[in-house]
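In the block that follows, a single chain appears as structure tokens, in the form predicted alone.
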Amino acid sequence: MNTVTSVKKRFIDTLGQNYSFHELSSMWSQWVVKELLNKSSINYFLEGDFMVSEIDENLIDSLILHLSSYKPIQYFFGYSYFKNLKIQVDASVLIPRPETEQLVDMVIDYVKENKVSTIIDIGTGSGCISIAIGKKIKSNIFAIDVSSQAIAKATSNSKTHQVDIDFKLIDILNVDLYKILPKVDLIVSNPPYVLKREVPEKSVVHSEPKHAIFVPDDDPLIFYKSILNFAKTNLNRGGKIFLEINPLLVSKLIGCMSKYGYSDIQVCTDFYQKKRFIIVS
């Protein structure tokens, strides 16, 4: 057995070429200490340079190997946290991001002040958005995704958190399928919006499902256009659309929305002060 100081040093030294010191310190404190060693931050410091068990040290070595391959740490543990909910994830679904929690907060705040009977989450992935919303409000919630694996994972997560959501395997790009979806009062979506040139070659993002992240350079608004087309037929009068967006595409998206006849367009920033969300009605 080795002391936690020596194990931490090996963790940071081995992965120092792959990640920044800030990233490694965050992974150590949030995942190794809290999730793997099962210690609170206070207990971790109070116990000093304690001995790490052989089992835990072997797990940390396995984690180092996992991270060396630029795989997300959440895939090693098999879960992530979103709005204080443990969400099961694997390579079939996008890992929930902190920015998306703000999107959920905006939806919940709106629904609490307005009558919203039916909501649809487009591109649900792990189901984190619809589940987090369903934990706070009583609207009927539908969620769709093009991936059967994602639908299975989202369904499992919803059962774990005892939230009733109607999941459907549907490609939002297929206009012919809109007719089997209900009329809704609110659309929420964090669709694919990342341009390939934005992501370094050595990035954990490449281990996540590419169809849930990247958009073609020649049509980066493809999913937003489909959501707007869906809204034309399935969004009730007076309904709202809440979207997470790429800050690089804001101007293009606003122009696109104007062509679809929308004029009430509100752009909101995330906690990094980047233009990250659009609310439209």
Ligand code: GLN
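Note that the structure is predicted; figures quoted are calculated from it, not measured. The first residue of the shown sequence is 1; numbering continues from there.
Heads up, the form predicted in complex with the ligand isn't pictured, but that's what we're talking about next.
Taking 4.5 angstroms as the cut-off for heavy atoms, does Glu99 touch the ligand in the model of the complex?
-> Yes, Glu99 is a contact residue.
Is there a non-hydrogen atom of Val194 within 4.5 angstroms of a non-hydrogen atom of the ligand in the model of the complex?
-> Residue-level check for Val194: yes, a contact with the ligand.
Is Glu244 close enough to the ligand in the model of the complex to count, meaning some heavy atom within 4.5 Å?
-> Yes - in the model of the complex, heavy atoms of Glu244 and the ligand come within 4.5 Å of each other.
Does the ligand get within 4.5 angstroms of any non-hydrogen atom of Ile213 in the model of the complex?
-> Within the cut-off, so yes.
Go through 134 to 142, 102 to 110, 73 to 81, 205 to 213 and give me the stretch that gets within 4.5 Å of the ligand in the model of the complex, heavy atoms only.
-> In the other structure, the partner sits against 205 to 213.
Heavy atom within 4.5 Å of the ligand in the model of the complex - residue from Ile165, Leu94, Ile87, Leu186 = Only one option qualifies, and that one is Leu94.
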